[in-house]
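Presented below, as structure tokens, is a lone chain in the form predicted on its own.
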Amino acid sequence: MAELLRTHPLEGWRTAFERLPDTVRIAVEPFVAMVDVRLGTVGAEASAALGVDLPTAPNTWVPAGTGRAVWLGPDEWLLSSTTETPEELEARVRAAVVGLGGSATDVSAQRIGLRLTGARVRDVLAKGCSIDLHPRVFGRGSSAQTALGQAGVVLLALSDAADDVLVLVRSSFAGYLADWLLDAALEFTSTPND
């Protein structure tokens, strides 16, 4: 029996991303396990069970083991892990929250991560995103659910200088967003002598 190889939906864009200048870099993030958590009450018991203090401030994220915990709503979070399989993460989180009246659902295949780095990241994102991404309001630990171009995304600020942002986009919109980002970055790819 032939072995099926898993390829990333954005494999075909890697070369185009690699051609971008240092002012705007786009990298395809590897697959990670992701679980959507619904939990009505967040307190010491939930934190102890999950091994992380879930962020309770809207539009924030915190490191969580080898991944992140992202606030998605008053009773909803996205937990990720780079070391657990989707099944392991879902089972661990479900075991932690089910006794507290919560739920956990594997959503690993739902989103693709694109990491944007460089001095012009905010300018590129501003071409299709109406939220304020200035570092004084969107620094490290901030997140936002918004539209970028025509795609719904979750943005995570990974630095305080607005030069490192993780964009989570639904897998079905990944190709569209990759093309959109390349087009938005176009004006920042030429040098003054071009």
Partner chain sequence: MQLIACPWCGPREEVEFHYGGQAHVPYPESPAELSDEEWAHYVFFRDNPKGRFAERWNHSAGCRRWFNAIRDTATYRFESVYRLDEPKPVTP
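Numbering follows the first chain given and starts at 1. Here the structure is a predicted model, which means the values were calculated and not measured.
The next section is about a form of this same protein that is not shown, the form predicted in complex with the partner chain.
Out of the listed residues 47, 130, 159, 66, 130 is the one that sits within 4.5 Å of the partner chain in the predicted complex by at least one heavy atom.
With respect to the partner chain in the predicted complex, the three residues 27, 29 and 117 uniformly fall beyond 4.5 angstroms at the level of their nearest heavy atom. Put simply, residue 140 is far from the partner chain in the predicted complex: not one heavy atom of it is within 4.5 Å. The partner chain is not shown here, and in the predicted complex it never comes within 4.5 Å of any heavy atom of residue 60. Using a 4.5 angstroms limit between non-hydrogen atoms, residue 144 touches the partner chain in the predicted complex. Contacts to the partner chain in the predicted complex (heavy atom within 4.5 Å) from stretch 52 to 74: 58, 59, 71, 72, 73, 74.
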